[in-house]
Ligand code: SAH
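In C-alpha cells, one chain follows: the form predicted alone.
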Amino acid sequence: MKQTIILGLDIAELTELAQEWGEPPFRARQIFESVYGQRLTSIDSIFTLPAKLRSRLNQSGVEVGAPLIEKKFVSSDGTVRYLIALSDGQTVETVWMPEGDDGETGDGTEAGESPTRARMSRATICVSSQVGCAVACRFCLTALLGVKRNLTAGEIVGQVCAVLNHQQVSPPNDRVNLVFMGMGEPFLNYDNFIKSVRLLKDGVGIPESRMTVSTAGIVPRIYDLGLEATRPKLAISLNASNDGLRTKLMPINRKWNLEKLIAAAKDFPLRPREKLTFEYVLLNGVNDSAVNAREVVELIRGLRAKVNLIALNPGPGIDFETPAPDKVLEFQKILIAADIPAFIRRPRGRDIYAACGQLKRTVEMSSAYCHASLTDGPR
C-alpha cells in the first residue's frame, strides 16, 4: 500500500490529491485547516470530512504523519527540551522557552519594541531543520553528530505543532516566536525550510514577523532569502572578528569568507524597522578581547544591524571555556559605544542542554529532568 503523508503538503498539493480521490476542491481547504490550523494528528479526527471519506483514506494509506514527542527534559528556568521521534527512527530536538525571550536580542526585546510589550510574548520555539549538522562549528555540540539527513517540510512544521499541542497554545491568539536555530543549518535544507515557513504562516497562524532564521553563512542562500515574498528575519552567526579566527572556529569560512558574508548582509533587503542580527558566541581567551570587539565594529559599521552576544554554553567534547561576565560586558560596551545595539543573551535551559549550541540527542540526563510520560500536560 502506498503511503501518503499529509503534513508538509500545501493547498495546491492537497487540491491535486482531492482531485485524485474524486473529491471537490474544498476538501483540500478542510484538510489544510484541520492539519495546520487545528493541528489534528489523525485522519479519523478530521470531522469536517465525511465518515466514508475518512474510512477510505485510512484504508488507502493516507496519514497525517505527525511526529511524536518521545521525551521531554524540563529546566529549572521553565525551558523544555523535547526529543521528537521521526517516522524512520531518527530523532531531533525542539526547545520551548516560555515568556518573553524571543531568542534574538537576549533581553526579550526586539528592535523598536519596549520591554513591556516584549513580556507579552507567550514563548519562543527553537526548531531543528536537519538531523545533526554538517557545518562543524568547533564550539557546538550538535556539530559532533555530523549530519544524518535533512528534515522534510512536514517534519519541521510537525515539531512546532507537537510542541504547541503539548503546551496547549494556539497562534495567532497566543503570541509565539519561532527561531530556526535548532539542530542543523537551515540554508543547507533551503527548499524544505522555506516551504515550512509558508505553511507555518498560512496554516498554523504564526506571522513571518515572529520568525527568525539563523545561518552560519551560506552566502548564496542569503541572497535567495532576500527574494522570497514570505520570509523570516535573518540572523547571521558571526562568532569571529577576522577571517583567520573565523576559519579556525567555523570551517565554512573557507568557502564564504567575511568579505563575501558582509557583502551579502549589505545587499539584504530589509523591511521597514527591520534589523539584521549578528550572533557572536564568546569563547574565553579566543574571540572575546577588546581588539576583537573593535574589529567587529569595523566589520558591521554602517549596517542596520544589532549583535547578540552569547557566552559559550559548555558541554562535553567542547574544548573551549565560558568567559567571565565582566569580559562579556566589556565586549558589549565597546559595541554600544560605537552605536551598535548589542545585547547579552540570557542562557535558557543550560542545565538540560537546551541552550544555544547545546542541542544534541543526549538522552542520558538526570532523572529529575527526564519525563518519559507526557500525560501530565504543560508546565
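In this text, residue numbers run from 1 along the sequence as written. No experiment lies behind these values; they were computed from the predicted model shown.
Another form, the form predicted together with S-adenosyl-L-homocysteine, is not on view; read the next lines as being about it.
- Only one listed stretch (266-274, 213-221, 73-81, 197-205) carries heavy atoms within 4.5 Å of S-adenosyl-L-homocysteine in the predicted bound form, and that stretch is 213-221.
- When you look in the predicted bound form, the only residue of 332, 30, 41, 313 with a non-hydrogen atom within 4.5 Å of S-adenosyl-L-homocysteine is 313.
- Among 261, 181, 307, 161, the residue placing a heavy atom within 4.5 Å of S-adenosyl-L-homocysteine in the predicted bound form is 181.
- Taking non-hydrogen atoms only, residue 186 approaches S-adenosyl-L-homocysteine to within 4.5 angstroms in the predicted bound form.
- Mapping the unseen interface onto this chain, residue 140 counts among the residues with a heavy atom inside 4.5 Å of S-adenosyl-L-homocysteine in the predicted bound form.
- Although the partner is absent here, residue 237 sits close enough that one of its heavy atoms falls within 4.5 Å of S-adenosyl-L-homocysteine in the predicted bound form.
- Among heavy atoms of residue 157, none comes within 4.5 Å of S-adenosyl-L-homocysteine in the predicted bound form.
- For the partner-free chain shown, 279, 281 of 267-291 come within 4.5 angstroms of S-adenosyl-L-homocysteine in the predicted bound form, judged by any non-hydrogen atom.
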